[in-house]
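Single chain ahead, by itself, as structure tokens, in the form predicted alone.
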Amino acid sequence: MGAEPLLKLTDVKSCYGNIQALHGISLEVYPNEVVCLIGSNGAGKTTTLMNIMGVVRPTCGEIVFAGKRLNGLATPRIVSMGISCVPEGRRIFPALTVEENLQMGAYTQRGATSEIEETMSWVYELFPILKERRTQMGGTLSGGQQQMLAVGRGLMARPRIMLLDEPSLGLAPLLVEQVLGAVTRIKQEGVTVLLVEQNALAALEISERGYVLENGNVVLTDKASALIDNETVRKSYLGQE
């Protein structure tokens, strides 16, 4: 692909207690692309993200971001290097306002007041409903609005790459379209995206490339368009014969 990968995992193995969750995951994400991880529940998609973020430590293999090894680094250090994660289930602060939630996402930008204001304006441009509701408590927003807030909070750290875990989970089809449409706009602003998504077709439609995970292994990788046309993928993950 010409450029060096922004994020590279090489033979990453990982355990939860005595259970091996990842059996040697290797993947690459290049600057300014959207890459998706698809696979059934328990395939290792979320565990892969948790290893990148330092929440789970790999037992083997290497994780490199922008030429620097992440193995063994604490999560706040990883975030400050330019990796942001929007976890499954949103996990916003329900008792804080929309604006306060967004400010919490900018904790790595301490002291950079004008940059924080600029990023917040961009988030409000991306999700106008958040601007409308900026003084409203996070817990009173609808599910779709909470997901937009979670993505917006992740963007407040000015990441070079954003990890998104199941952003469309539990959302009505129209909101799925809005949230995944925002992923395309985030990419246009120069933020690289690694996306974990149960809605495999929707994920592949907005991605350049995809990796198919099964039982903690990468079993297939290709351009997203080729994966959409792949008979096995269509049958197993897209619900199409």
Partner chain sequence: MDFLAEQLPIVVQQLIAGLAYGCIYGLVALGYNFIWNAVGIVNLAQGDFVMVGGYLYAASFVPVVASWLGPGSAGSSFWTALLLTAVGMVLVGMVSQRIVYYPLRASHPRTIMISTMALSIFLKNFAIVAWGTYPVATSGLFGQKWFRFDLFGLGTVTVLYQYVFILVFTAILLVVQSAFFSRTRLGRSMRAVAQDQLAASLMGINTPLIIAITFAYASILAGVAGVLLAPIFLVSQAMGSIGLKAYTASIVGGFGNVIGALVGGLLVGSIEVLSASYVSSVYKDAIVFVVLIAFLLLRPQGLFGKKVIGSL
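From a predicted model like this one, the values you see are computed outputs, not experimental measurements. Residue numbers count along the first chain shown, from 1.
Same protein, other form: the form predicted in complex with the partner chain, not shown, and the subject of what follows.
Enquirer: Taking the partner chain in the model of the complex as the reference, which of L169, A112, L96, M81 has a non-hydrogen atom within 4.5 Å?
Expert: Among L169, A112, L96, M81, a heavy atom within 4.5 Å of the partner chain in the model of the complex occurs only for L96.
Enquirer: Taking the partner chain as it sits in the model of the complex, is V55 in contact with it (heavy atom to heavy atom, 4.5 Å or less)?
Expert: Looking in the model of the complex, residue contacts with the partner chain include V55, since a heavy atom lies within 4.5 Å.
Enquirer: May I ask you to check whether W122 falls inside a 4.5 Å heavy atom distance of the partner chain in the model of the complex?
Expert: The answer is no: W122 has no heavy atom within 4.5 Å of the partner chain.
Enquirer: Although the partner isn't part of this model, could you tell me whether I161 comes within 4.5 Å of the partner chain in the model of the complex, counting any heavy atom of the residue?
Expert: Residue-level check for I161: no, no contact with the partner chain.
Enquirer: Decide whether P87 counts as a contact residue for the partner chain in the model of the complex under a heavy atom distance cut-off of 4.5 Å.
Expert: Yes.
Enquirer: Can you say which of 190 to 198, 210 to 218, 47 to 55, 177 to 185 gets within 4.5 Å of the partner chain in the model of the complex, counting heavy atoms only?
Expert: Within 4.5 Å of the partner lies stretch 47 to 55.
Enquirer: Out of 143 to 179, which residues reach within 4.5 Å of the partner chain in the model of the complex, heavy atoms considered?
Expert: The one in contact is R153.
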